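Listed next as structure tokens is one chain, alone, in the form predicted on its own.
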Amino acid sequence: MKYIEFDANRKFDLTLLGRVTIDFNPVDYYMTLAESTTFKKYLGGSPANIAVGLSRLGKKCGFFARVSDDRFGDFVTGYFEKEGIDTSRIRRCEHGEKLGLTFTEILSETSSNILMYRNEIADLQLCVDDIDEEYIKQSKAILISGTALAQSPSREAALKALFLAKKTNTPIIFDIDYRPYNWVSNEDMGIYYAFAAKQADVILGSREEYDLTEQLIEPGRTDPQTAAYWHKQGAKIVVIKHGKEGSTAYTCDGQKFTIKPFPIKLLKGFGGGDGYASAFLYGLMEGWEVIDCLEFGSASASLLVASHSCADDMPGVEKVKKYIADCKQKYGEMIARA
């Protein structure tokens, strides 16, 4: 069943709104940040990674963002251009704000930490004047990252994009994307997460992220209760992730579909979520069955946690399909399907 209708006449398959940052991943991994001496620079930020992932899968993406007016700003916009992502709505900051820097700590295959520098940050300078209706009207869907709601003026820019998406009948994807940085309080987070989720057609988040979203509504919900509530608010698909336990998509017609991670030798414990999101959304845009979208997303996530970077290692369609086929041949047809 097709739960979301995407207007085939629109230019962009997806327009994303949110942070673009720089990741520094250690080359001498399995050491603490204090011990690591060498890092490799990558494009970072969840919505930026998702845009790259979808571009590698053959989709055309637009993007609303603010970046720093310096060499790092040159790096990320140049990276987008090489990937075929439209940069016409990516604007430079005017008061010296800088791109966020993320230093990752890979302690073992399953233990990783992230240290973010996000003071006076570029991505949260996105403002209402940066968001225009015509660009959204050219988009088959928009994706709002929850981090964009953390502070003004980015918060109002994201809310304007939501209103314009509703006005132009553009499907809304809300990636809760919890990061504790820049929020004043958990209650602030609950207010704005819940508002955005109520506008969304598709919601993506972990159990912890839904708990934060629902803290002022009804704490302590189960997954089925969470899905039922957001379906009543208008969501067509609610995806709830449980890390290594897998994830479940609940659809508005009362069905649920569950997928488990594909087996792979891990390098790090982060980076899989953005590959999951891009591959899952690719399947939706292709009109696949939900279980096939989940399987594709899970496979992409596994490939990324086995890779050093996120954006640089985003796989193409054939690589993901081959990985799924190889796993099924080795472990059985139902290896990831619950």
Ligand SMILES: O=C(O)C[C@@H](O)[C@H](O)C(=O)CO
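The first residue of the shown sequence is 1; numbering continues from there. From a predicted model like this one, the values you see are computed outputs, not experimental measurements.
FYI, the form predicted together with the ligand isn't displayed, but the following is about it.
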Verify the contact flag for I114: yes if a non-hydrogen atom of it lies within 4.5 Å of a non-hydrogen atom of the ligand in the model of the complex, no if not. yes
Taking any heavy atom pair closer than or equal to 4.5 Å as contact, tell me whether S46 reaches the ligand in the model of the complex. yes
Give a yes/no on whether T15 approaches the ligand to within 4.5 Å in the model of the complex, heavy atoms considered. no
With the cut-off set at 4.5 Å between non-hydrogen atoms, does W288 touch the ligand in the model of the complex? no
Candidate stretches 26-34, 268-276, 53-61, 66-74, one within 4.5 Å of the ligand in the model of the complex by heavy atom: 268-276
If the cut-off is 4.5 angstroms on heavy atoms, which of these, Q138, T168, T102, T87, is the one near the ligand in the model of the complex? T102
Which of these residues, R221, K256, R179, K160, gets a heavy atom within 4.5 Å of the ligand in the model of the complex? R179
Partner contacts for 3-40, taking the ligand in the model of the complex and a 4.5 Å heavy atom cut-off: R19, T21, D23
